[in-house]
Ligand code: NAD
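Listed next as structure tokens is one chain, alone, in the form predicted on its own.
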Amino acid sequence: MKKVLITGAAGFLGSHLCDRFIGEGYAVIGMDNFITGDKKNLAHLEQHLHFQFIEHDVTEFVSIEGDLDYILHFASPASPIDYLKIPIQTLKVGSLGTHNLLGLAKAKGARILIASTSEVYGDPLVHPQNEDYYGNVNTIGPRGVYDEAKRFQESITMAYHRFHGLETRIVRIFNTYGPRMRLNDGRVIPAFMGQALRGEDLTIFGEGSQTRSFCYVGDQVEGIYRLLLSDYTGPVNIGNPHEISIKDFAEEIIKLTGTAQKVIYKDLPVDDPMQRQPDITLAKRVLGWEPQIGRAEGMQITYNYFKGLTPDELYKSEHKDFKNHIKK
């Protein structure tokens, strides 16, 4: 039985990856420090024979007993509300955390896949974005702590690949959604659905003309799984190329939820990208991958998940308190 370490295992994507690898017959070690992850995302795996959990901060030295075949590094804050509250920790997990896990992969002779992001493209001047585009990123802006952490993560990963001959893979993840998203994580899908379920007006930042492309989590996990097992070492976009404006998306949510909320407008955050659409030509060619779940189907599944939240979860407006996790 092959063994895989998944960091950020208690997060939205990390927990779905744990499910996938358990389902594929792997022994899975999940690792998380719960700075943004949630224990309930892994509760169904607690007693599973082939699942082990280690509570640990990957910015500290990482040690795993025995053999290890694969590492998937998904430990990182992933939404603006997170990384603007914990900017230093965001930079550390992308730099020190990645360095520690690359070192572990080298010591174990394991293949490592690191989770990069479409944010490496910044506010793009090329549309749609392909893997050859270098990006348009404000290194000193408030979002730079996340964007540059991921760009550095890609750089050090390729340095280990070239200098040490390490087996590495890089996935550039575009907007992904589905069950287990945090309702209060600040991203547009849980924000809109939470507002609709609470009977609040839907908030759009700017004029709503900015575009996003949303990929259902099952499709995202399939793409990541195929990339890990492929022979391709360069970055690969995994996302859904079907683009929609935020204003039109708000109308879709109102129709989906059957509510009568108004749409209200607030100022656009600094450096918020105006366009986000993946070019997935490379993923189609090297992985034989493209999304299978349409937005209507995926959003219905996601809405059903949010409808199942308890009133306490639905009306909890304050973001998670990070102070017990923050180190000097």
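Just count from 1 along the sequence shown to find any residue number. This one's a predicted model, so the numbers in the text were calculated from it and none came from an experiment.
Separately, the form predicted together with ligand NAD exists; it is not shown, and the next lines address it.
Among 115, 196, 149, 112, the residue placing a heavy atom within 4.5 Å of ligand NAD in the predicted bound form is 115. Interface residue among 100, 230, 175, 257 relative to ligand NAD in the predicted bound form, by the heavy atom within 4.5 Å criterion: 175. In short, of 130-138, 156-164, 102-110, 71-79 it is 71-79 that has heavy atoms within 4.5 Å of ligand NAD in the predicted bound form. Using a 4.5 angstroms threshold between heavy atoms, residue 12 counts as touching ligand NAD in the predicted bound form. In the predicted bound form, ligand NAD sits within 4.5 Å of a heavy atom belonging to residue 58.
Residue 52 falls outside the set of residues with a heavy atom inside 4.5 Å of ligand NAD in the predicted bound form. The closest heavy atom approach of residue 30 to ligand NAD in the predicted bound form falls outside 4.5 Å. When contacts are defined as a non-hydrogen atom within 4.5 Å, all of 36, 93 and 187 contact ligand NAD in the predicted bound form.
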